[in-house]
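Only one chain is included here, represented as structure tokens and corresponding to the form predicted alone.
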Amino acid sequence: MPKLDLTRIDRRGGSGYPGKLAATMQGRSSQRLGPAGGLTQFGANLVRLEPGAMSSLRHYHMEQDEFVMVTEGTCTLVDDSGEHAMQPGDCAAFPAGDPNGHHLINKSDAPAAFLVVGTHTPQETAYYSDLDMMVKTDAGGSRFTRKDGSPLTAAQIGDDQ
């Protein structure tokens, strides 16, 4: 496979989070490098964070490993043990099944970016550390529920009814 031309790979914003939780991803965009390179066994994305943006809601995966490496700027890794400044070249790994909720935040006044690589599995369950929410993903898509599997309420996802 030839060198990937990042200028030809769409940069996507937004998220798949339900309700108003999706708005929490403002200032985050990503480029799906794995599919652009024809990869099928793992995902690789270049994620950009504007100042104040975060990578995701704090979460952990049950079936999929996740690896991140900062490529530009300064990111703050927030996990169960606290906050950790990360500079270009700094890496973090999150093994499947380890309940260490994590995400990256750009607390600086300049853009930041990181590479995230993760396993592809037919099914996945992820939990959100700071919310009573989980997501189950399979060939049919993603379904967000409370951690016990019951439906989310409007209040939980920030929708006013």
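These numbers come from a predicted model, not from an experiment. One rule holds for the numbers: they count along the sequence shown, beginning at 1.
Just so you know, the form predicted in complex with another copy of the chain exists too; it's not on screen, but the next bit is about it.
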- Partner contact check in the predicted complex: of 128-136, 115-123, 48-56, 22-30, the stretch with a heavy atom within 4.5 Å of another copy of the chain is 115-123
- Query: At the 4.5 Å heavy atom threshold, is P95 in contact with another copy of the chain in the predicted complex?
  - Reply: yes
- May I ask you to check whether R8 falls inside a 4.5 Å heavy atom distance of another copy of the chain in the predicted complex? no
- Query: Closest heavy atom of G37 to another copy of the chain in the predicted complex, within 4.5 Å or not?
  - Reply: yes
- Message: Against another copy of the chain in the predicted complex, would T71 count as a contact residue? Criterion: heavy atoms within 4.5 Å.
- Response: yes
- Item | Candidate spot Q64, M86 and G89, all three touching another copy of the chain in the predicted complex (heavy atom, 4.5 Å) | yes
